[in-house]
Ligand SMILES: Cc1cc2nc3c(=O)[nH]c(=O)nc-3n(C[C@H](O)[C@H](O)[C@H](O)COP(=O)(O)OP(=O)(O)OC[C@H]3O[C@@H](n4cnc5c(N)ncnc54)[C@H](O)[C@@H]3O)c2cc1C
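Below you will find one chain, with nothing else, as C-alpha cells; this is the form predicted on its own, and questions on how it binds or moves follow later.
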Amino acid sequence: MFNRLTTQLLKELTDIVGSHCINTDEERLEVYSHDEVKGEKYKHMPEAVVFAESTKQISKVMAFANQHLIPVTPRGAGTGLSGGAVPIKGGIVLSLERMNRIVELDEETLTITVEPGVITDEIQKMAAASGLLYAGDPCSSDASFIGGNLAENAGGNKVVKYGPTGDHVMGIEVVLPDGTVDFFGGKLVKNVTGYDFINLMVGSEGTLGIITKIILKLIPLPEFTVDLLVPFKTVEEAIAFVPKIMIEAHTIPASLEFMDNASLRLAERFLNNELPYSDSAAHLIIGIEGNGREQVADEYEKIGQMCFKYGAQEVFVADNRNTREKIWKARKSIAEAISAFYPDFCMEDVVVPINKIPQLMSFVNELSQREHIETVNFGHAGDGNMHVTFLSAEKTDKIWNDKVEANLKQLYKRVLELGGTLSGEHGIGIKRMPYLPMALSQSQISLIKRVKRAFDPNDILNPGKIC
C-alpha cells in the first residue's frame, strides 16, 4: 500500500525541507537503519533521512507523506532497545536531533519547555542550576533524547518514588499524521477537559503523532542525597528484601536498583574499576533523598539496620558526589558493557508486581541452568522492572536465534503468570511484536488498531509497530 520515494517525489521533498535537511547517501542511511537492538534481522534501510528543524517543517513533511502514502519513522537518539525507530517499511526517517532547544525554564510554574531532541541530562542540569529537579532519570540519560523518553514512557532509576516519564509531562505540541498541528495540556496541574491525549501519546512509540514540544513538571531539588550500596550473599536474599524496605521501614526510596554478580562484573571490566564485595551474588543500590539532614540520616540508618537483619554482608554509605557517581556509573554502564563484550544478546524489559520479583528471579535461574544459556540480570527492583538478558559469546546463528525465541516464550509465559507484562519501559517496537498476543486480548489489540486508524487512517506513521 505504500509508495516509494521516486526521483520526482524526492525532488518535491527536498524542495519542502531544503537540501541541507535531507540525506540519501547509503552510508549515512545505514546509521538510521537500526537502534541498539542487536541482530541483522532488526535492520531496515530508509530511503531518505530528513533532519527536521521546526514544527512547521514537520507539518509539511507529514502532509506530503500522507498525500503520497510514504511511510515516516520518527527517530530520536537511536538508543532504543525495541526497534521502535527502525523504518521497517522504508520511506522517510524523520530525525529530531536538530530540534534540541530548551525553550524556557519557568520557575513560577515549576515547568521547563523543551524540544524533543534535547538530551535528558541537559534538562536535569538546567533544572538543578535553578535549584529544581526533573525527576525523569533513565539510565541512558546522558545519551537519550527527551522525545524518545516520551515515545517509550521511559522509566529509569527514580520511578519508585517519582514515577515514569509520563508522570512529568504536562503539555505537548504534536504534529498529526496528516500534518495538523495541535497542543494538548499546558502548564496546568489539573485538566479533565476532554480525553487525556497526553497519556495516550506518551508511550505510543511514535505511531500516533510526532511530539515537537514538551512541557515538563519540575519539583524542588532535594537538599540531601545518600545512596547505599548493599551486597548480599545470594540473589534470593537481595530480591526478597526489596518489598520489605517500603513495608517495614515506611520509606519510599528515590531509587532501588538491583545488579547480579554477572552484571556487576561486566560493568567493572568495562570501567576497569571495582566496587566493594564484587564477589557477592547481588548488590542493591538504595537511594534516599530529602530536605532535612537528620531526616535523611534517620532513614538510611533505619534501612541499614534492616539490611543486616535480612542478610546483607555490608552497607556502604555514599554521601558525597564522588562516591555516588562511582556507584551509579557502574549501574548505568551495564547495558553498554554487555554490548561491548558480547557479539549478540537479547535484553528484555519484563515487569512484575514487586512482591513477585523473587519468583521471577528464581525462574530465570532455573531457566538458565536448564537451557544452558548465559544470563545477566539487573534492573529497577523498586518497581518490578527487570532486565533479564540472554548472552551469546559467538556470532549470531540460527541455533542461537531459535534458542532465544524458545527461552523468550518461556520467560514471557512465566512473567504473565506472575501478573506481569512484556515491557516496562523499552516498548514493543518490532522486537516484541510477535509476542504481543500473549499479553493482550484480541479485544485490546482490536481497540489499539481502531485508535491507530482514528489518528492515522493511511498508516503512514511508524507503521508495523505495536499493532
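As the structure is a computational prediction, the values presented were derived from the model and not from experiment. In this text, residue numbers run from 1 along the sequence as written.
The following text describes the form predicted together with the named molecule, which does not appear among the structures shown.
Q. Any chance Glu47 has a heavy atom within 4.5 Å of the named molecule in the predicted bound form?
A. No, no contact at 4.5 Å.
(Q) Quick check on Phe145: any heavy atom within 4.5 Å of the named molecule in the predicted bound form? (A) Yes - in the predicted bound form, heavy atoms of Phe145 and the named molecule come within 4.5 Å of each other.
Q.
Within 4.5 Å, heavy atoms only: does Glu205 come near the named molecule in the predicted bound form?
A. Yes, Glu205 sits close enough to the named molecule in the predicted bound form that at least one of its heavy atoms falls within 4.5 Å.
Q) Just to confirm, Gly155 within 4.5 Å of the named molecule in the predicted bound form by heavy atoms? A) It does: once the named molecule is placed as it appears in the predicted bound form, Gly155 has a heavy atom within 4.5 Å of it.
Q. For the chain seen here without its partner, which of 184-192, 145-153, 127-135, 244-252 has a heavy atom within 4.5 Å of the named molecule in the predicted bound form?
A. Heavy atoms within 4.5 Å of the named molecule in the predicted bound form occur in 145-153.
(Q) Considering non-hydrogen atoms and a 4.5 Å limit, which listed residue (Ile327, Leu81, Cys346, Val235) is close to the named molecule in the predicted bound form? (A) None of the others qualify; the residue that does is Leu81.
Q: Consider the chain as shown here, without its partner, and state which of Asp178, Glu336, Asp106, Asp167 has a heavy atom within 4.5 Å of the named molecule in the predicted bound form.
A: So the residue touching the named molecule in the predicted bound form, by this definition, is Glu336.
Q: For the stretch 211-244, return the residues whose heavy atoms include at least one within 4.5 Å of the named molecule in the predicted bound form, in the order they occur.
A: The one in contact is Ile211.
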